[in-house]
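A lone chain, given as structure tokens: the form predicted on its own.
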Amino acid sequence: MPQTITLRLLPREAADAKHYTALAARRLGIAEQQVALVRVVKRSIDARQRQPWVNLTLELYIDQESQPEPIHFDYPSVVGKSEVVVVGSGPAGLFAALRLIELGLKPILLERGREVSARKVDIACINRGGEVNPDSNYAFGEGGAGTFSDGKLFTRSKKRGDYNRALQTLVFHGANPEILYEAHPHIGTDKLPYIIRNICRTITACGGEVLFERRVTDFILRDGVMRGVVCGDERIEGAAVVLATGHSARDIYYKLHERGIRLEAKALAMGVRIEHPQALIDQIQYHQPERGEYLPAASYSLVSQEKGRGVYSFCMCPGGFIVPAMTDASQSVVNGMSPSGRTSPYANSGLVTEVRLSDFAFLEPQWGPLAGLKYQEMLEEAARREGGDGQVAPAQRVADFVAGRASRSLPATSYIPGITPSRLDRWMPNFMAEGLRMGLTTFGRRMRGFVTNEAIVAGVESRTSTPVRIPRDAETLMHPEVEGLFPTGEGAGYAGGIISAGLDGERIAEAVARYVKPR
């Protein structure tokens, strides 16, 4: 058995494998020459004091002791097996497809967008202020919204499934093994496309199918049973349908509603994306003028209650970029991403406030369970009118926003299409603007220097989650009124990130396997 030890080290020491190996051996009373392998099993940064420390948990393997095997998954061939239609190639759809293969079922994975290489061209067009392809953008295409993101691998719920196994699945498909032990693991937008492509290759190598540019336009329902989907002139049927469309596939909600399939309105959160110079966040969090070469770009996580409403940071991207996340040219939507090295001079985060069912109840008589969806669209369209053409985003200096005054100019930004001065509180719902203003005041007291005119808030951050839930039975995980329909992931209202969506997809695949009789 390996021996385990936790060391508290200076950042420079934690970066030196020779140093911490020798120190660990001495602490355990082992000669350094006896150590055959040192494996990091957990790494976290403690920056609560003036001097940041790194907590490093190590496993030491001694000579002649059996060492851990490399991560490996054996996926069987599913050629000729029962077919299951999986709609959407985001984390929920990909993990569902992999698990279906393990359980002896053949996934037919449908993606409305294009492959990663073609998708990059469409995204570059959006960044230049060009045309928005509604089926190929930051939200749609191979890998879904997770492909071009920071790739944070954090979930608050450990009850959804095997968290470590999900990380191992990503490592098997090309992710850096560091994600297995980092306290806050992430992959990076520069690495994710390669990993997503490898997952799709695994699916096809096992006999599954991955079909691009297949936007679902209707459902095949016979006698209350979901038999498949329609993609334009093409009908694709299977023993069950896994719906993993993500939170931006609004046409799917409209089509489900039109077909009389029950949906439920759901509360959500919306707000802005806030961006600071990364050096400023480093100074605040590390309590020193510069972070140096041994500490990563600093992050933060903030939450407060303001007049009974939650206000919080969301999807924080240190060393990252703000990106245009709209799926329609009539909208202005912003999101964030960062590369694996987190090397950008900017730090950004969603800054959102709770949106309750009562806030959009006035739309319910006309839109029923889609009232929140229409409310979301209204805010995105208002932001577009304020920003103007070419995906330019309305923005305001943070201190000006808190003080309720206009910004005459704006600082440099990572947002490539550009920003333009706007009084955000003039076009946002009052509760949202006021909640964000009070939240920022609270956060400024906790992080001195956070409320500054060196930073901006840009609008609108609206795709934090879906305002619609597709219900499912607690035991079968099927839609309670439509046999064979298995909603999953963020788009169904049951997840909130790469790992939680992936784990939910695996759970749904297991439910499908209980429902479908394999052949």
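Here the structure is a predicted model, which is why all the values come from computation and not from measurement. Residue indices: 1-based, along the sequence shown.
The form predicted together with a small molecule is left out here; the points below concern that form.
Partner contacts here mean any heavy atom within 4.5 Å of the small molecule in the predicted complex, and among 264-272, 359-367, 144-152, 390-398 they occur only in 144-152. Although the partner is absent from the chain shown here, none of V41, D282 and S299 has a heavy atom within 4.5 Å of the small molecule in the predicted complex. Under a 4.5 angstroms non-hydrogen atom cutoff, the small molecule in the predicted complex lacks M432 among its neighbouring residues. Although the partner is absent here, A249 lies within 4.5 Å of the small molecule in the predicted complex, judged by heavy atoms.
Taking the partner from elsewhere, P11 is found to have every heavy atom lying beyond 4.5 Å of the small molecule in the predicted complex.
In the predicted complex, the small molecule stays beyond 4.5 Å of every heavy atom belonging to K374.
This chain appears without its partner; in the predicted complex, the one residue of S332, T353, N335, S422 with a heavy atom within 4.5 Å of the small molecule is N335. Scanning V87, L440, A97, A175 against the small molecule in the predicted complex with a 4.5 Å heavy atom cut-off leaves one residue, V87.
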